[in-house]
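Just one chain is shown here, as structure tokens, and it is the form predicted alone.
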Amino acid sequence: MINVQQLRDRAKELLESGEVKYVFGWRKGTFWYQSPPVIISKAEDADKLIWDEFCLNNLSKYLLDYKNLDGKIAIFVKGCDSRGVNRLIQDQQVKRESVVLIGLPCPGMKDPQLAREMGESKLNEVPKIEKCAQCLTPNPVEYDELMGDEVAAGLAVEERFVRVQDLESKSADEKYEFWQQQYDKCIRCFACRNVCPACNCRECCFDQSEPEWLGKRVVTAENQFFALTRAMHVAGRCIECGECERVCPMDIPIMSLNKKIIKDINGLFGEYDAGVNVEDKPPLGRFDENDPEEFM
């Protein structure tokens, strides 16, 4: 069990001592089922910090806004947050010595939409949000200090690709129809890209006007081009935090596409979990003479 006051005291201590300039955490939102991110720079604001069933957001992406900061940042990290930090370190966006990682073992967060519908009196009955139900790394994989006891993953390893296997069982026409229906819904708000720690390019190709890689029209062909290009961009680098799917306002099962690619890469190049070990090079970022080359 993580003591919230312990969490606040540690943040206050780090800010008062000047060891860090900012602390990234979560605060209580307007409604009881919301706990959005908060960035504090004053010790007196430490009491805003919270740790409860709705600390969903992966905080690692916010480090990009401070990557040129002259000083350190303390960031509370669940398993997915810590994998996101490792992703940014591997992509040379963040230096390990510029962050203080405070690990928080995560039992899995609840679904805020269902919580709102079920009511606060049934909080204990609210199920985990899908991204946490699919989590294999609830404990931080990288940290400077750890609060609370480690917890067991809620998903068995053999269940990791169940959604993918269901899609693979479809015929080629059925697969095409399925994804066409999904990306007919896409409004290209780019929320999936903006929330993703692996999408950390200085300038995204989709924002370029010259050359214009992606047209302005929100139509199926352009949407599918965007989806497949982004999926391949994060291939071998996706940390499976599920944030892309969580923030999608059109409920597109983006992680099914990402997990299909993860499954195929693992089958071709061996087991690899992005962001778990910062020393491991991504399978598509290295060459080995034994790599499969049936396509040659």
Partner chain sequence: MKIIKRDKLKDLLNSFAKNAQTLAPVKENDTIKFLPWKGQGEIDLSQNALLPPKDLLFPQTEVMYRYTDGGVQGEITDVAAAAERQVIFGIRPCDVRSLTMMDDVFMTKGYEDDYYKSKRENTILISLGCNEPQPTCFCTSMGIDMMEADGADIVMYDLGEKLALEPKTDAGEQLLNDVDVLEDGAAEKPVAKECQLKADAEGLAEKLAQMFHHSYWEDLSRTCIGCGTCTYLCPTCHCFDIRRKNIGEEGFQFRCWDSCMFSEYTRMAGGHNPRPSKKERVRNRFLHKLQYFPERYGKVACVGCGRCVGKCPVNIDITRIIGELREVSVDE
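Owing to the predicted nature of the structure, the values given are computational and were not obtained by experimental measurement. Numbering follows the first chain given and starts at 1.
One more form of this protein, predicted in complex with the partner chain, exists but is not displayed; see below.
Contact check for D149: no non-hydrogen atom falls within 4.5 Å of the partner chain in the predicted bound form. Looking at G270, you'd find every heavy atom of it more than 4.5 angstroms from the partner chain in the predicted bound form.
Of the heavy atoms in Q34, some are within 4.5 Å of the partner chain in the predicted bound form. Among heavy atoms of E145, none comes within 4.5 Å of the partner chain in the predicted bound form.
Of the candidate stretches 206-214, 70-78, 91-99, 156-164, only 206-214 has residues with heavy atoms within 4.5 Å of the partner chain in the predicted bound form. Within 4.5 Å of the partner chain in the predicted bound form, a heavy atom is found for not a single one of F225, L228 and N266.
The single contact residue among I50, A43, A235, V247, judged by any heavy atom lying within 4.5 Å of the partner chain in the predicted bound form, is V247. None of C199, A191, M118, A133 but one reaches within 4.5 angstroms of the partner chain in the predicted bound form through a heavy atom, and that residue is A191.
Residues of 52-71 that come within 4.5 Å of the partner chain in the predicted bound form, judged by any heavy atom, are N57, Y62, D65, Y66 in sequence order.
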